[in-house]
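Only one chain is included here, represented as structure tokens and corresponding to the form predicted on its own.
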């Protein structure tokens, strides 16, 4: 399995090669898209990208947890978490990539 991580620089380089914008314009475009997505998620909106997946924010309620070492009960505070649900096309593509 590959250990490569796709970075912002990789994305802007791909935009540069595929679209033909300058490197600066490509980097600004990628930054703008990511900023728009993170602003929407911070506001509690869903971000749905067709054929890729859906990013959403879930509010988790407070609950009582347990320290596995001591068995002592510990309160877990309410929080917001980011979730990603891949589309069926993305799931199929990833599964097909594993067979290679």
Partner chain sequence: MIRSELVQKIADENPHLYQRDVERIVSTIFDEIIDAMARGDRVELRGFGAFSVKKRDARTGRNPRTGESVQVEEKHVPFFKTGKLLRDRLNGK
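Remember, predicted model here, so these are calculated numbers, not experimental data. Positions refer to the first chain, counted from 1.
Beyond what is shown, the protein has a form predicted together with the partner chain; the following relates to that form.
Contact annotation for residue 80: at least one heavy atom lies within 4.5 Å of the partner chain in the model of the complex. With a 4.5 Å cutoff on heavy atoms, residue 67 does not count as touching the partner chain in the model of the complex; it lies far away. Contact check for residue 72: every heavy atom lies farther than 4.5 Å from the partner chain in the model of the complex. Using a 4.5 angstroms limit between non-hydrogen atoms, residue 89 touches the partner chain in the model of the complex. Using a 4.5 Å cut-off on any heavy atom, the residues of 15-40 that reach the partner chain in the model of the complex are, in sequence order, 15, 17, 18, 19, 21, 25, 29, 30, 32, 33, 34, 36, 37, 38, 39, 40.
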